[in-house]
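Alright, here's a single protein chain in two forms, structure 1 and structure 2, each given by itself as structure tokens.
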Structure 1
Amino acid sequence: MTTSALELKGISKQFPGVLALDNVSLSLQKAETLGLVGENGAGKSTLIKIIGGAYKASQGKILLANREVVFNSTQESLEKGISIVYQELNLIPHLSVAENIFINRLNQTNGFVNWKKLYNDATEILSSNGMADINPRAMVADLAIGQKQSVEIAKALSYNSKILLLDEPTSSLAGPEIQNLFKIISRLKEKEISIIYISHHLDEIFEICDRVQVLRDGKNIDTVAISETDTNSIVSKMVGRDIEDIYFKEEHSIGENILEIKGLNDHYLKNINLNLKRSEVLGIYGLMGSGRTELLKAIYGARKSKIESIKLNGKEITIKHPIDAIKQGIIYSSEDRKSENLFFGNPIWKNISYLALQTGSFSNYNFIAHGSELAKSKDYYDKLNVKAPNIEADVYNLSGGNQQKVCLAKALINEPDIILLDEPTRGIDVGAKLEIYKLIANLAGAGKSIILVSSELPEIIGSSDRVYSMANGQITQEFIGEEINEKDILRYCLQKDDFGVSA
């Protein structure tokens, strides 16, 4: 006999011009983990925000333990025992980890914050959840995005809520952190906590969920027990058609060295030597903190570093600022959409054209030729299949996956020769992922070179011609062709000591 923890009946949500949810019902049992899947823009996050009190449903009812409730604010839902990790991180950058975890609940004595207790409590929460490597006194702005996500999770757990809603909690986590989260989830299950788990990684859904509910275009498609279904059937329910392959690689001939870097060092990266060939997809895999993002930023000039030599097409160049890289045809697309890539509050077309504007693409004597700017942006908006009411829409209102597509459009519009992609499929649904893999393959086929950083090993293996493994700020091994396999790459990423040999 099961008891209902949370029930939604006939929920609809109308945004101006978009019906995000259309008569969606859901039931979550006590101690159950329910997977929620669907394409980008299917309405998953909107549903979570309605349960969390951030949005009001246009129609429908919410029942908590069989009693109808109305949430007018996020605070009210929190007080009723619902904790949420939102897809977009909501930490306050200039406060410490501990303050962020206990925000609104700072322990006070006579009006003064009891700092000692605060840090002790935070340490306790972090270490009991396997996140002891995060310093509770560190400022959130200084954390890597994966660590920020861990802090969000710790914060949600600290409320000891009966219901936990996780919206793509692993989008910035790598293998071990994900395993750690799963351990936490199974412990919570034992404590009879109910969980809704949103993810585009179906393997995760199959590993930890009891049932899975599929949304498409804001509608309920199906809800099935995990034991009675498989990946293919879920995918076809999500996209409304069959998808045979998940990965895509194309045979193409690889050219000469286009980029050669020797002796790149900074306070984190140690003696990096790297080369990239024309028409090559070079994968870089490493765990959180391995220095993969730092490496891309250092190449791009967005991070101070010392480089012995950097050659583009055999010629020595200097990159002191991203604009130098951009002018040489090198472009970087950041993994952190919200704080490093997009301009929230601005329309899609502006976001797409910012980078191209810097090289004078649509301007004469600094004056913007708006017609061609808009036309070219529209072109890439269509090419990448961004789903939005129109190109004037504020990027802030797009679903996570569609924001990611805008980031890619922004990087590609300038037709760079070398593209440094940092987690390009973060938060993107299966169908759209395949489109991006095809895009990467096409770019390589057309003579472009790509460095692909991803925390998903299968994605690296599925798209790369060559792979570097990274650990502790060093390149630990190079893998070519047949050598590219999961086991070996992982082995070279896990090593903690310093014996790593640069490739």
Structure 2
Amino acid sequence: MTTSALELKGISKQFPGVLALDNVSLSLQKAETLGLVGENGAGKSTLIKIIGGAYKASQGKILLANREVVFNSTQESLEKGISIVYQELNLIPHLSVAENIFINRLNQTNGFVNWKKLYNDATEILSSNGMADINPRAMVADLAIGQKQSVEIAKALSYNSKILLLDEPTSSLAGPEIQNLFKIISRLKEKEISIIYISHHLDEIFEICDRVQVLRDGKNIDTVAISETDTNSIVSKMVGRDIEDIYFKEEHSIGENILEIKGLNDHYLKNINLNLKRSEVLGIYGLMGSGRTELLKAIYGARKSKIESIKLNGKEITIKHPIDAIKQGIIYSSEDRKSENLFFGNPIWKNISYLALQTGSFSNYNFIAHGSELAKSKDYYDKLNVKAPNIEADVYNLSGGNQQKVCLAKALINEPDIILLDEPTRGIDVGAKLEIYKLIANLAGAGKSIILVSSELPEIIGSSDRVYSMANGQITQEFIGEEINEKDILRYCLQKDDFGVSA
């Protein structure tokens, strides 16, 4: 009889009015990496919280090495060798790496910490799991995001865990950091550690996983070996319909230049020259730290920069503040939904109308026309098919995909001609991504011009009419038509010298 590292049988979870999981089963083998995928609301988070002891199943069994177990707390799950690394890292910035790893188990003798043993133990865990480049004495606050992710994994492994659950582990990582994480995962598999890998990024699932399990609406849909499936098949199972093409780049007429920027400089951006055409999707790709976001914010007036010349429809304009940009028909949607784009604790309609209010769109003799504000917000709420109980719902309670739709509605209600989209699909499921790709294509087809920044190169290639690569605060190359390919774009994103490329 084959012994599974972990097995779930007929797991269901009932919340008041909601059946979150419906008879879900799962089998994880020793030294296996099992991908777990599904749209937001599919039941992935509920399932891992049951495995981790945060929730108790309404029915069903959990088996470890063919023996039934019951977890009444997260501590009980941890003691049985199961650790979870969540998307939001749980580290204390002002403590050292070693202190974070052993935060609840600092070795004390007569009330004092045995610092030598603490650092030796941390060094052993880090080096034995492919993380020897991390100094156990370093402050977590001083680490790069990829190193922080590694510390979180080391912390989990310090409990001698044999089963590791990784929830969206690459959501904040750049390309090289992702590859380093994959090396760590391969090392863990060699040590016969079993991993459940949860991600919206199917390319990662296909690169690192042995099998993939698909959930939809709280139910098992399929579990299949990676070698026996492909991306389109998995996407179809996730969304419940056939997907001919993930992206929606459609043929449309591209006009003359609508935006021309020359000589944009600041303390990081160097001699940026670019042009954007009417009805064009212009993709900008670069690794983390390349200056992608800084460039969009500079165009929008949200970053102090010097610009030699900026022309809109051939006429010189000045943008000193985001309000100036909005009045010129330029809008920016930030990559950071939580901190820069949404106001949690407020209803959907107030989030949608916020920027329009700043420009006086609903003002009448210094009074706000709330009826018009609500009606127009409802119009864009409907156009973007936001899924919520109603427009009065708190935006905090929406799924990531629907929060992103609210962000886009907040931008589009201003009826801009130029839309600056920074990571519009970050942290959302495949179904919501498909809707946003289609929206981008439809906007371009309707005459809108879009600058699209994304850390997902396939997304840039699949959605853009033209692409700029960036590195070290500079545009390094322009790609058109058949030139738009992964190999060449990456090559120009990895160079380190001064480019001085003029768009």
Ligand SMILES: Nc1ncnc2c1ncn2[C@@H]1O[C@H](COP(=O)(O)OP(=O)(O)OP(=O)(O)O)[C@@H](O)[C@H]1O
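Numbering for residues begins at 1 and runs along the sequence of structure 1. Rigid core (definition): largest C-alpha set, two forms, superposition within 1.5 Å. Given the structure is predicted, the values throughout are model-derived calculations rather than measurements.
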Properly assigned, the form predicted alone goes with structure 2
Return yes or no for Leu91: a CA shift of at least 2 Å between structures 1 and 2, with the rigid core superposed? yes
Taking the rigid core as reference, does the Cα of Ser290 move 2 Å or more between structures 1 and 2? no
Align both forms on the core first, then report whether Glu124 has a C-alpha shift of 2 Å or more between structures 1 and 2. yes
Rigid core fixed, the Cα of Leu63 shifts between structures 1 and 2, in Å, by 9.8
Value in Å for the CA shift of Leu47 between structures 1 and 2, taken after the core is superposed: 6.0
